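The chain below stands alone, shown as structure tokens; this is the form predicted alone.
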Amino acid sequence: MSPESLPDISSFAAPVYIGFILLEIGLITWRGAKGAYETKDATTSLAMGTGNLTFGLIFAGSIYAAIYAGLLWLHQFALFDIGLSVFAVAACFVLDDLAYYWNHRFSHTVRWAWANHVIHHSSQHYNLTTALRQPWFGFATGLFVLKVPLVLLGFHPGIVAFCASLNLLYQFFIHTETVGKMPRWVEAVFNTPSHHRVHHGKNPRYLDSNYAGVFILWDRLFGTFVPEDEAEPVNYGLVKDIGTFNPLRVAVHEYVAIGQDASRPGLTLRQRLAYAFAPPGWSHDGSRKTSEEIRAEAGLPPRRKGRAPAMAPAE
């Protein structure tokens, strides 16, 4: 087997996703399991997932092919020839999850990347369909560059792509309220439904935390871990919810908002750029609040370790 022959798990995972969604609905409806579905919300999530797949195959396929070709070209300059083995795949899986952590973190701290990722957070419910509420323009963030160190280290792009698809498959199963807290050792090492519920919360204490894909160890290491507190139920959605079930509006609303903000009259060039690349919530006149400012108003301490730098407002 060659690295190029490793399967793209996402290309045939749809039946698995649908099967477990139906199972979750059954457990909630007939077994009294925790969780909730709203028809319009779930339909929108499924439409976003379908759009993600369709757009990727029809419109963005050539872009992703070009990115893969670029990574393949860079691989010739790799420090090592790691090859294809169980060890290579396992090592790549762990390091790719570290790259995912930073991709995910930048997606919450840089507005241009947030415009893509906000789609996934736009549901006010938390169930397995939420996992399928995916953006359509992921390539536009430029965060695929975080794969470059893995390729230059010696992992073939085919292995990196395979590990990324495994990562996303794992994450599908943590988008549920039907599973409570798991054994302590699992909660200590892995991202779990409990940890990821926190990530989807808009409570001030839960904002911008638990970025990991598979291993919650990264959040513990970089100071972004927040445990779920049963005394403070998670309130899902955005700080300012978008109030629409229209898939097209869900897909582009933040890009439109960036354009409107950056084109305001009377701004400096720095301020216009800040509306695209400062943290979400930044405003030149202080009329809005970033996550850190919301946390501060609630009397919560800032994230201290490994904190991503924010662009300061222009004078």
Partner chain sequence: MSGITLLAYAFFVAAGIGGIAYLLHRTGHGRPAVLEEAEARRLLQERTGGPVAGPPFVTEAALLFALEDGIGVVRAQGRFPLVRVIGKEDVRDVQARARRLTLRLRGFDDPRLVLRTDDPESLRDWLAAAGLAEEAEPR
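Numbering follows the first chain given and starts at 1. Remember, predicted model here, so these are calculated numbers, not experimental data.
Keep in mind that the form predicted in complex with its partner chain is missing from the display, and what follows is about it.
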| Stretch in contact, per heavy atom within 4.5 angstroms of its partner chain in the model of the complex, of 154 to 162, 122 to 130, 81 to 89, 222 to 230 | 122 to 130
| message | With the partner left out here, check for me: in the model of the complex, does some heavy atom of Ser283 sit within 4.5 Å of its partner chain? | response | no
| So in the model of the complex, does any heavy atom of Phe59 sit within 4.5 Å of its partner chain? | no
| message | Using a 4.5 angstroms cut-off on non-hydrogen atoms, would Pro15 count as touching its partner chain in the model of the complex? | response | yes
| So, in the model of the complex, is Thr244 in contact with its partner chain at a 4.5 angstroms heavy atom limit? | yes
| query | Which residue among Leu267, Ala276, Ala33, Leu46 has a heavy atom within 4.5 angstroms of its partner chain in the model of the complex? | reply | Leu46
| Sequence-ordered list of residues in 224 to 262 near its partner chain in the model of the complex, where near means a heavy atom within 4.5 Å | Val239, Lys240, Asp241, Ile242, Gly243, Thr244, Phe245, Arg249, Val252, His253, Val256
